[in-house]
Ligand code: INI
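First, one chain by itself: the form predicted on its own, in structure tokens.
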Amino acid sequence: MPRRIEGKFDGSGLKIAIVASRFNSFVVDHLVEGALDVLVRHGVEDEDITVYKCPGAWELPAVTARVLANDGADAVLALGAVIRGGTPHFEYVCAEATKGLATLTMDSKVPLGFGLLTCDTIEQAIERSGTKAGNLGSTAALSALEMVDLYRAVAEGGRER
């Protein structure tokens, strides 16, 4: 039977950074609240969480890159919301922000929790920030906690933890 290695959700002793966009703050603030709730419930101390605010989703990759390089966090969450409008601007912002964050994820030794909503309507964004469809901030935080532990297990040669 093969060994099965999975990350655990223990945030004790971890330092977490959150990079959140201010644009569409009526949605993003709920993503941040969801992430904070999950982190604290899983043992991360308030004083070990830093929230960096950037203007919008376009800036998320640039600020996240600098946080990854300089903050010393065990994991970083990138939270934002882009809502489709009447111009192609939506596609460009979503594609480039997602591509930038994906590149950081592959290049970093620190896990990156992806919490960028890309929605067609305001209603969809509201649903995904804490109402009917859950909270992407919470999901990103859980994923980041699990990945910290999984990265450590991999670094230890797949030793069960």
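Each residue number is its position in the shown sequence, starting from 1. Small disclaimer: the values here were computed from a predicted structure and weren't measured.
This next part talks about the form predicted together with this ligand, which is not shown.
For this ligand-free form, the site is classified open because this ligand, superimposed from its arrangement in the predicted bound form, keeps every atom beyond 2.4 Å of the backbone and C-beta atoms. Comparing 52 to 60, 129 to 137, 107 to 115, 35 to 43 against this ligand in the predicted bound form, the single stretch with non-hydrogen atoms within 4.5 angstroms of it is 52 to 60. Contact check for Val82: a non-hydrogen atom falls within 4.5 Å of this ligand in the predicted bound form. Although the partner is absent from this view, Phe23 contacts this ligand in the predicted bound form, with a non-hydrogen atom inside 4.5 angstroms. In the predicted bound form, this ligand sits beyond 4.5 Å of every heavy atom of Ala65.
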